[in-house]
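To begin, one chain is listed below as structure tokens, in the form predicted alone.
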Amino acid sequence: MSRIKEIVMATNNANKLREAREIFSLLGIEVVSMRESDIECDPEETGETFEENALIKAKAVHDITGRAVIADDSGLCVDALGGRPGVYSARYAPNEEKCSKLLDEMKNIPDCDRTAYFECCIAFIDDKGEYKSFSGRCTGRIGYEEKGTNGFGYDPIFLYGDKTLAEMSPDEKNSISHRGAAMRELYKYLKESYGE
């Protein structure tokens, strides 16, 4: 297979781009954002799973560019809430209200039933249109209050061991995070399939 030198990431999120660039630079692959590629598209995420939503985003960008693309979808799944907010994590509440809304929903849930996990699925489409997906999961529990100032989204209320994700350094979080796990799976695939 021919070597891939550049991948468009279907995002303009600076945190996701930085993480992907750090990982894939080790393979000599440059990761570029939609903005850097002059792509404007915002497909509706109508999928019922993280994989379906990631593929919708990746396919939309691939259809425009014909180039290799990666896209991800991820969210928080709380067991006591039947897996909610799940694929609706981003739309569950405005950013500044996400944690407080979830804590309110969980206020009568005992410690033993506060299990939850973050899940991420990354869709990869190569320049020929071949598709693969890679998943990662980070299992923990929901705390009782917001703690920490690092991270974003639900990180301040998601406990991994005795720390929230928002209390961890970026390196600590990347080593156990759902997105980090999915990225490592994609890295292995790219190295085996498209490496030197």
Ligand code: IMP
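Because the structure is predicted, anything quoted here is derived from the model rather than measured. In case it trips you up, residue 1 is the first one in the sequence shown, and so on.
As for the form predicted in complex with this ligand, it is not shown, yet the points below apply to it.
Not one of K59, D126 and F134 places a heavy atom within 4.5 Å of this ligand in the model of the complex. From the list 126 to 134, 148 to 156, 35 to 43, 61 to 69, the contact stretch for this ligand in the model of the complex under a 4.5 Å heavy atom rule is 148 to 156.
Although the partner is absent here, L81 sits far enough away that none of its heavy atoms falls within 4.5 Å of this ligand in the model of the complex. The closest non-hydrogen atom of A90 lies within 4.5 Å of this ligand in the model of the complex. Contacts with this ligand in the model of the complex, taken as any heavy atom within 4.5 Å, map within 156 to 188 to K173, H178, R179.
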